[in-house]
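Here's a solo chain for you in structure tokens, the form predicted on its own.
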């Protein structure tokens, strides 16, 4: 039985267990599969799904109105021709980063604490990338001719501009989405086999059976499963870095003041991980409370994610500082104006200081152990970071486009009600998909949790092993 022996004392500091006490294979399987197979719905789930579905309807209304009237219903103008579409695209792509980071990179680094949250984070990645992908399509104005972006022979001799990072985006994001989907599905197959065997309703048995693809749990199946999972983890790892690097090129290759800087790629990647972990915490904390998953998503998981957020938040703060330093030291009058005057003291100064408060000041609370342990405080900090990262994208896009080289061409950008409705609508799409995912598929990997229980039992049975070599069987050093 897994028990509190998987805690350890190290340097006088007690580390919380990675799984709650008293669990074996049966209890883990029953606890996770009951969320999916139990009839009826929890009241909290119904309320949350109803609210999300309402926002999804708002999304549909916004899209229909957009297709009927064109992008003129947005607050776009000349020179601010990107506006909310690119802001929200970059924000959603950033959120989609944590899933692959948790699943692939932490898997290759053999961090056990990823086990309870990887499935959940992978689903979040897929849904966030889907929301991100809607914006470039809708921003085309005529989305039904999106295939003109593809390199195909045609009588009009239209070809994509392959030197444009906007075209790089198409390949980077679609590759990332494809590999993430495969990685997520491969990880699900053993659990779908478990649900097939436990389901009592015939329709559920058939559907989960189709998804399980004939999984029997034989040695050959396990061998191929683990090989495929590791290969996909290896493929997905460089994508974590490459996707947001390429997204940053959308700005960095431009000569617009405030964009033309080499610091954007690492600063965007760190910001994406920062935002992604904040969203994982924002969703995981309510879910573990509603479904009583405190034994699987333990205080240890929350503490580790808080530390990752603090670390990446410091990298983001360093990026802000370097932007200021380069603008001051470079003596480029346009960069100096944009970074040191227009952003902090210009017409969008409220947004700027809001992002500084949310992304730099508030996350410093994570240095305090109490704030990392208190789930309400941690959830509020995560929400603040979500807001701050959206404000960061707003400042990058809007301040530079609205006040570029020629003052006579400057124009103020104000989002319309349709900008906001589409943004809230995609949040509704995202949350609706998350609620459905939690209800119809195991949000926590049954297979990997059982492997964790086995490992803990093995350590306890021998009273030594890797744990005693490195601190009571703990392979997680986060």
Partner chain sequence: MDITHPELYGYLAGFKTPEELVDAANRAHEAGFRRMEAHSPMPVEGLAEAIGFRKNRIPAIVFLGGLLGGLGGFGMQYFSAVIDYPLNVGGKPLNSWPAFIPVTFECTVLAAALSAVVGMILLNGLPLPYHPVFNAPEFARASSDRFFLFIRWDDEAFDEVETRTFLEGLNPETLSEVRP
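Residue numbers count along the first chain shown, from 1. Note that the rigid core is defined as the largest set of C-alphas that superpose within 1.5 Å between two forms. Since this is a predicted model, take the numbers as computed values, not measurements.
One more form of this protein, predicted together with the partner chain, exists but is not displayed; see below.
147, 171, 345, 325 - the one with a heavy atom within 4.5 Å of the partner chain in the predicted complex: In short, 171.
Could you work out which of 85, 106, 283, 179 is the residue within 4.5 angstroms of the partner chain in the predicted complex, going by heavy atoms? Comparing distances to the partner chain in the predicted complex, the residue within 4.5 Å is 179.
Considering non-hydrogen atoms and a 4.5 Å limit, does the partner chain approach residue 221 in the predicted complex? Taking the distances in the predicted complex, the answer for residue 221 is yes, it comes within 4.5 Å of the partner chain.
Residue 254 within 4.5 Å of the partner chain in the predicted complex, heavy atoms: Flag for residue 254 set to no.
Tell me, yes or no, whether residue 26 is in contact with the partner chain in the predicted complex, where a contact means a heavy atom of each within 4.5 Å. Result yes; residue 26 sits at the interface with the partner chain in the predicted complex.
Determine whether any heavy atom of residue 366 comes within 4.5 Å of a heavy atom of the partner chain in the predicted complex, and answer yes or no. Looking in the predicted complex, residue contacts with the partner chain do not include residue 366, since no heavy atom lies within 4.5 Å.
Choose one stretch from 182 to 190, 314 to 322, 77 to 85, 116 to 124: the one whose residues place a heavy atom within 4.5 angstroms of the partner chain in the predicted complex. Of the options given, it is 182 to 190.
Using a 4.5 Å cut-off on any heavy atom, which residues of 222 to 236 would contact the partner chain in the predicted complex? Sequence-ordered list: 222, 223, 224, 225, 226, 227, 228, 231, 232, 235.
Taking the rigid core as the reference frame, tell me whether residue 229 has a CA displacement of 2 angstroms or more between this form and the one not shown. Moves: no, less than 2 Å.
Could you check whether the CA atom of residue 159 moves 2 Å or more between this form and the one not shown, using the rigid core for the fit? Yes, its C-alpha moves 2 Å or more.
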